[in-house]
Every structure is written in structure tokens, then in C-alpha cells.
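Form predicted alone, single chain, as C-alpha cells, below.
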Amino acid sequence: MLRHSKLQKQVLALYRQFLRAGQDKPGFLPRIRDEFRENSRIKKTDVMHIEYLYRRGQRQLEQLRNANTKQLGSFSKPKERG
């Protein structure tokens, strides 16, 4: 059986909280899954980046839980022109 680090457990708990909070809002669950899936590619040794994303996720979760929230904002890298 795999043992998860404390940070991994925190991220998994955050993911579950996002899924619960997004159930009542149409279109949120696919976006939540995609965001976590995309960030799962980050190396486990890049702890600073993971902690940054975790804190950002906590703030986004607070916004999602707000009854007035209709959509989630995102930051994306501009496509490179080549």
C-alpha cells in the first residue's frame, strides 16, 4: 500500500473539497478535474510550486463556495508563435 506524504494528503483532501463544492454548479466538475489532472504532471520534488498551487487552490475553493460564484477564472500561458 502506498503511503502519501502530508502534502499529498492535503492536495487530495483539497481535490475532494473542490468536487463537493462544484457539484451544485453546472460545468465546474470537468474544469476542476482537468485542472488537477494537468497539475498532477508537476514533479513531486517541486515542493515550492506544489505548495503555491495548494494555497491558490484554497483561495479558489473559498470563492467557489460563495453562493454568488458563477465561473472560475484561470490563468493560461499564451500560445507560442512559431
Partner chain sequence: MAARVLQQCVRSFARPSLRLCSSNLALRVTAVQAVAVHRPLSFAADSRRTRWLVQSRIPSVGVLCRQYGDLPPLTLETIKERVMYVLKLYDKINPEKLQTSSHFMKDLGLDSLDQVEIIMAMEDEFGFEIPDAEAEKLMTPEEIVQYIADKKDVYE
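Keep in mind that this is a model prediction, so the values were computed, not measured. Numbering follows the first chain given and starts at 1.
The discussion below concerns the form predicted together with its partner chain, not included here.
At 4.5 angstroms, heavy atoms only, are 4, 12 and 19 all close to its partner chain in the predicted bound form?
Spot residues vs its partner chain: full contact, yes.
Between the options 44, 49, 37, 56, which residue brings a heavy atom to within 4.5 Å of its partner chain in the predicted bound form?
Answer to the contact question: 37.
Quick check on residue 33: any heavy atom within 4.5 Å of its partner chain in the predicted bound form?
Residue 33: contacts its partner chain in the predicted bound form.
If we define contact as a non-hydrogen atom of the residue within 4.5 angstroms of the partner, is residue 23 a contact of its partner chain in the predicted bound form?
The answer is yes: residue 23 has a heavy atom within 4.5 Å of its partner chain.
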